[in-house]
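One chain comes next, on its own, written as structure tokens: the form predicted alone.
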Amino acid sequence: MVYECEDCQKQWYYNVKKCIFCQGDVIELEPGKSTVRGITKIEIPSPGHTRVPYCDLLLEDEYGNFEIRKSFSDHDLGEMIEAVPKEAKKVAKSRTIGIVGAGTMGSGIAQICAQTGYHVLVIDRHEETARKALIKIDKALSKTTKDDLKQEILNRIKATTNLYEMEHADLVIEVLTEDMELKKEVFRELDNECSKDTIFATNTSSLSVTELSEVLKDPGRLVGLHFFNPVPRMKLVEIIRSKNTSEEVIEYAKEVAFELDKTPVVTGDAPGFIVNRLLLIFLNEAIDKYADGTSTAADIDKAVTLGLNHPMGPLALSDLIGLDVCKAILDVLYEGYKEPKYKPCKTLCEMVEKGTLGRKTGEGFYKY
């Protein structure tokens, strides 16, 4: 079924009681039918469609209009299938997303938002960091995008050091270091600067979204929106429902994830959420295994990639994440659950103390 807002004509494939964009009334549309006039089977993955095989269907609707639709199901020529209005689930191009924090994650989120069609404001208290984020996005796009399209995407991104420029953002995503007090300070400022209709999100990987939300006048408009590194390639987004998050904000977060071509999963607010609660125990154990001196880092990673079919070994992944980040998440898990299995192992603590944090410092379990 298709559901449409009577006021702004936004459409969804699932039942929405009130429009999450304008709060208008939503009606259920009668499904039309389209006829399959042509089928092309695609066997080779492309940057935007890595799952194969799939089919490009040439469809003709009841008014004689043609469209091409991708499908992972088998169909026959002449088959009648449910028509989906062309404007369904397209992003409103005039909408603005603010990104607070111009590091690796912030620049990655800014890139995919601009590629989708959003106008993007990237803010960082350090002008040089904000400038470097734009350079990083430019380089990333240069590998996959023609110059004219790349420039069009870059023109939708503005870097700034002024928090007040977020005033008219529809969504603001905080992407700062895992420091609860710092995040609270920023959200207090955003609460004063932004419109009362702005939705707030935090990209925290382990901190309490509920605690963070309570610095806002309306705690219900904060949601966890946890992306994974590297953002342009990783398909998952964890949506964290705090004890205060409203249902409308959860639906809004899902809609944004779908628009960004990500797969959302919704979880409650508990230390580590889903992925990091499971992952960090694994990484911590791999580091402890390395510490006993019976295996090299390369052999541990090779055993995992070949024996468990993981795309990257745990020690290389720890270097990519940053050993300081790994320790910080484990500290939160240990504090939250009070179980020894979450306590950072001695070697991890020593490496963080020494400053060998992985790729970001040029050395971790490997040299870069």
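Since this is a predicted model, take the numbers as computed values, not measurements. Residue numbers run from 1 along the displayed sequence.
Although it is not shown, the form predicted in complex with a small molecule is what the next lines describe.
With the partner omitted from this view, the residue of A159, A114, M105, I250 that lies near the small molecule in the predicted bound form is M105 [heavy atom within 4.5 Å]. The partner is absent here, but in the predicted bound form a heavy atom of V186, alone among I239, A286, C194, V186, sits within 4.5 Å of the small molecule. Stretch 177-185 is the contacting one of 73-81, 254-262, 177-185, 141-149, since its residues have non-hydrogen atoms within 4.5 Å of the small molecule in the predicted bound form.
Taking the partner from elsewhere, every residue among G101, T204 and N229 has a non-hydrogen atom within 4.5 angstroms of the small molecule in the predicted bound form. With a 4.5 Å cutoff on heavy atoms, K217 does not count as touching the small molecule in the predicted bound form; it lies far away. At the 4.5 Å threshold, heavy atoms of T129 reach the small molecule in the predicted bound form. Of the heavy atoms in R125, some are within 4.5 Å of the small molecule in the predicted bound form.
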